[in-house]
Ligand SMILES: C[S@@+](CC[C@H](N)C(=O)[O-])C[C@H]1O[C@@H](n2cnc3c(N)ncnc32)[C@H](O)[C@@H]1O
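One chain comes next, on its own, written as structure tokens: the form predicted alone.
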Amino acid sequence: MSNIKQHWNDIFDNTQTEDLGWFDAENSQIKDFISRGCWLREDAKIFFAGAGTSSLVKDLSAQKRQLVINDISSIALERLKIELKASKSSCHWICQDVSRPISEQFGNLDLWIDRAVLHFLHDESDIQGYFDNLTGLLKPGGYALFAEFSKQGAAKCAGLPINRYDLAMLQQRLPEFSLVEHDEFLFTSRTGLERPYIIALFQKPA
């Protein structure tokens, strides 16, 4: 785990946000799914798994949400903290592997967002730990939104192997959840690199 943490710290320490291969200035797919498929109060509590230095955090913070921002990289989180100094949102920060137990104090979530984090987990114990956190912290009626490399996607990202997903694999992990909406999209990086994704929104039983 310490080696993985250092790996991500090195990436964020040596690369500007706009130069990261997964940098998305618009985050249009994620925002569209949230606006179309989620009923959220103004003060909704949102967990962002593996937030990195995503501009989506700044978009969410402008909406007075309660944000729980997670990443394994302390450098990424420190960079976000600086950028969110003027934020209107209430922010909590969790610097840890999202597959390890997360305190119940961060529970009662309205929405769990994962933009390309789950697919880095390979060991069954890590994947199960991830979903234990998600299902345990999400409130009844809450939503889980995933955007992961699809089966047609690359086998590696950021120098690490990827566990690619299709809809059936996600549904298998959340058998009690309802599928709200799903789609596939082609993300194109600033350098023109194309990455096929699957995006899916689920809702926990009320």
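Residues carry their position along the shown sequence, with the first being 1. In this text, all values refer to a predicted model and were calculated from it rather than measured experimentally.
The form predicted together with the named molecule is left out here; the points below concern that form.
- Although the partner is absent here, G153 sits far enough away that none of its heavy atoms falls within 4.5 Å of the named molecule in the model of the complex.
- Proximity of R115 to the named molecule in the model of the complex falls within the 4.5 Å heavy atom cutoff.
- Contact annotation: F185 falls outside 4.5 Å of the named molecule in the model of the complex, judged by heavy atom distances.
- At a distance threshold of 4.5 angstroms between non-hydrogen atoms, L121 is in contact with the named molecule in the model of the complex.
- Shown alone, this chain has one stretch from 36 to 44, 64 to 72, 138 to 146, 170 to 178 that lies within 4.5 Å of the named molecule in the model of the complex by heavy atoms: 64 to 72.
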